[in-house]
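Read the single chain below, which is given as structure tokens and is the form predicted alone.
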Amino acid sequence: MPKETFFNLPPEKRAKIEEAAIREFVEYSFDNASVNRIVKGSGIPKGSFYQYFEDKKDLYKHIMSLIIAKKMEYLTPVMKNPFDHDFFVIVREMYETGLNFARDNPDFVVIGNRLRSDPSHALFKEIIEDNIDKSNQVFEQLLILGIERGEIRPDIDLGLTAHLISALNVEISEYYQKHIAKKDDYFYDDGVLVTIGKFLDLLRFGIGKA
């Protein structure tokens, strides 16, 4: 986490440093990103950088925490009260939330996708793997509830099913980023929602209780 001196800065100065870091991590991987370029882009002396952060990794993890916090802002009322809704409604909401986030925050998606693309990187384990595990646990609990309510077949492999649904949530956001976000004539692609609907039909009839 950043040092207390960073949080004591005026909000405008903090934002400028964060914006410079985001630009750098969009353009370069973590390993190829340069503290020199970040401090130049934010207009601070290099010595000040180390008054605010331990190192480049400290700053990177701070940016990732901003990305996660931003995505949490997209939670719908259904997502905030998941146990009150049908399992398949919740999954659709999760996927649509991911698309909305990707549409509005393409830079964040680029940074996240680049990290996810290299599972062998030490940061993957520190940041992504932990969040994947948490996501899988959430889906497992929702699946258990769906089984209890008669929405889901009781004989499914909970761990495998939760992992696949969680992973596909990420894949849909990546699809949006690769195939839609760069097209100026698309604000929101209805075709992706159709694709989500088809997948959910497959999911429902694949694991839904007859």
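Sequential numbering from 1, following the sequence displayed. What you see is a predicted model, and the numbers here were worked out from it, not measured in a lab.
The next section is about a form of this same protein that is not shown, the form predicted together with the DNA.
Mapping the unseen interface onto this chain, residue 45 counts among the residues with a heavy atom inside 4.5 Å of the DNA in the predicted bound form. Among heavy atoms of residue 14, none comes within 4.5 Å of the DNA in the predicted bound form. The closest heavy atom approach of residue 61 to the DNA in the predicted bound form falls outside 4.5 Å. Using a 4.5 angstroms threshold between heavy atoms, residue 36 counts as touching the DNA in the predicted bound form. The partner is absent here, but in the predicted bound form a heavy atom of 9, alone among 9, 193, 20, 200, sits within 4.5 Å of the DNA.
Of the listed positions (155, 148, 55, 171), a single one reaches within 4.5 angstroms of the DNA by any non-hydrogen atom in the predicted bound form, namely 55. Note on the interface: of 64-72, 26-34, 157-165, 137-145, the segment with non-hydrogen atoms within 4.5 angstroms of the DNA in the predicted bound form is 26-34.
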